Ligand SMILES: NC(=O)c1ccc[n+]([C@@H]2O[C@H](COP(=O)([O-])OP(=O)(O)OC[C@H]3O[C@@H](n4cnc5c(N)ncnc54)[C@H](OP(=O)(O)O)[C@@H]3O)[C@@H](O)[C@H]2O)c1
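Read the single chain below, which is given as structure tokens and is the form predicted on its own.
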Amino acid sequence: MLVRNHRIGLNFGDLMFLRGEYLVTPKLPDVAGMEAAGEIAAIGDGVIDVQVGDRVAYIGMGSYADYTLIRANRVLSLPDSISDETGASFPVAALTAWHMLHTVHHVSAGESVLVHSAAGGVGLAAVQIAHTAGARVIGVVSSPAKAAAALAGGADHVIDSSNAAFAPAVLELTDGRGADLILDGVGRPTFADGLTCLARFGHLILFGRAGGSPAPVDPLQLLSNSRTLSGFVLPHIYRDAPVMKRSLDAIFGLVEGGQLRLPIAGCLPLEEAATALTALASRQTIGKFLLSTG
């Protein structure tokens, strides 16, 4: 179907795509961007259950545009209660966070969950979803402003990595036990230390490498404390319609109940995408940055 984009979400993966470092390699000339919200402008043969004019969000490459041609199975219908801003903010961030917590892992009340980049899009979503599940949430951030955002999102404790190493702080906060679950989208700067503060039977999920690829892991390292290491990327989920529906129903419920909110770091016209990407690359933004087609 053809979607007229109203709001476009930015992700760190967009920067990696532009650098040729993402899972999907650019085929120049190409269009960046992987999520947006808008309305259906046209539908192809065989597309059912939607009509031209319906409000939708989607996950798929090529969203930095006024219109995007997208496969129907990548499109998510938006209820009236969900704004275009929220619709463009939640697909990648909220679905990634939800599935790490409830599909790859099965978070339970009382578990300690460590979230890196806790003031970013995925991080803030993970903090709120884990908090709603009853977990004890520890956020890792890089500034006082980001610490405040993570605490407002429901983090029980926040570690400012610009002032202290996170691994010793985690062990201190957990009385030496370590975190039951670590969500790491940073990679090289945090991965090895994360393994040192993982609890017995703890689980570390690597879902990105914003700071570079981690060094190889000797599987024998995992024998200590019977630890688990997983990887996660969202495309493996949105190809499964029943699993996607289950997660969307849960996320919409959290949004409508006021338990999940992604603050908008800024919104610029599509023509100023380079400025927005520069702000994202600075790692000073809190929440999601959006582009608008006007």
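Numbering starts at 1 and follows the sequence shown. Predicted model only: the values in this text are computed from it and were never measured.
Another form exists, predicted in complex with this ligand; not displayed. Remarks below refer to it.
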Interface stretch in the model of the complex with this ligand - options 68 to 76, 127 to 135, 91 to 99, 149 to 157, non-hydrogen atom within 4.5 Å: 91 to 99
So which of V233, V243, I43, V31 reaches within 4.5 angstroms of this ligand in the model of the complex, heavy atom to heavy atom? V233
Using heavy atoms and a 4.5 Å limit, would one call L204 a contact residue for this ligand in the model of the complex? no
4.5 Å heavy atom contact, G211 to this ligand in the model of the complex: yes
Can you tell me if L270 lies within 4.5 angstroms of this ligand in the model of the complex, counting non-hydrogen atoms only? no
Hey, in the model of the complex, does S142 get a heavy atom within 4.5 angstroms of this ligand? yes
Residues in 1 to 15 with any heavy atom within 4.5 Å of this ligand in the model of the complex: N11, F12, G13
